[in-house]
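Take a look at this single chain in structure tokens; it is the form predicted alone.
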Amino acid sequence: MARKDSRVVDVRAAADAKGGVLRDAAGTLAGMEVTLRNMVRATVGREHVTIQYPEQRKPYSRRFRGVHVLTRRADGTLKCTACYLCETVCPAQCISIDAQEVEDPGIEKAPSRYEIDLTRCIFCGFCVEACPEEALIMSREYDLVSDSRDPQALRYGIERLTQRPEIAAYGAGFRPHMEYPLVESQIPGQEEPSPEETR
């Protein structure tokens, strides 16, 4: 139901009345203004958006979810107890574990095979949150590449998940309770906990 005091506006007639070259080029000119403004800022040196990768690397948050890391105990054994919680909670079903019994009476079992298929992983961090032992954490390693077509190239086993010299360059990433230091766990490549880990 139309109100009596409202007037009818002919939109087509209003658009034709304001027509012209400037009206048609307004969007293009607005885009060029943004481009020129950013170009002048970069030229003057006030703002540099581009980083010179790989010589320069962007600093990421401590909570960044990068490539996974299996932690070890002080004696060098894996902290993982093969409880299958990470495999169960994984929405991409990219973790596979086989358990074995160990001689240590304080440890019920340990993984004989622990594999993460990083081509299927969505880096959600559910596996890290589900781990009751803090045996699995994530790093800040973000440039995960392979120059091989072999499907096994990005399937990380125990060796590749524990021998991580990249941790020194990238640092540890997401894990639950980051405000507390790791309990009886050592990150491969980091003998001493970093200042970030003790915060």
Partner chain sequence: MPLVTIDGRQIEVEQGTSVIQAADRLGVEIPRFCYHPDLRPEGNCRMCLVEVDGYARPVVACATPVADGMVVHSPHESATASQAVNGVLEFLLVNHPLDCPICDQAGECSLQDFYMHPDYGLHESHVDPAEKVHKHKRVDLGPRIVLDAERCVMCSRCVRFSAEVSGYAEVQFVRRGNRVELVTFEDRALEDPYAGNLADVCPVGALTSRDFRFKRRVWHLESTDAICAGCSTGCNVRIDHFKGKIERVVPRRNPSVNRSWICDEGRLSHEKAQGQDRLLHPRGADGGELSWSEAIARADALLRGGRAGVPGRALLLGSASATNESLLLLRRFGELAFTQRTMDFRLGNEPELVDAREDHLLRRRDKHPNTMGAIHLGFAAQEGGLPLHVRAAEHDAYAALLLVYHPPLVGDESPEAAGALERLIRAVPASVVLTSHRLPFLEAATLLLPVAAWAEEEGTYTNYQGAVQFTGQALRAPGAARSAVAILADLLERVTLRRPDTSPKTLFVELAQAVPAYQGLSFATLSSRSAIAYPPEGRMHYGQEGFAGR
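Positions refer to the first chain, counted from 1. Because the structure is predicted, anything quoted here is derived from the model rather than measured.
As for the form predicted together with its partner chain, it is not shown, yet the points below apply to it.
For the chain shown alone, Glu87 is a contact residue for its partner chain in the predicted bound form, at least one non-hydrogen atom being within 4.5 angstroms. Taking the partner from the other structure, its partner chain in the predicted bound form has a heavy atom within 4.5 Å of a heavy atom of Pro105.
Within 4.5 Å of some heavy atom of its partner chain in the predicted bound form lies at least one heavy atom of Asp98. For the chain shown alone, Pro132 is a contact residue for its partner chain in the predicted bound form, at least one non-hydrogen atom being within 4.5 angstroms. This chain is drawn without its partner chain; in the predicted bound form, the residue among Cys83, Val128, Cys121, Leu78 with a heavy atom within 4.5 Å of it is Cys83.
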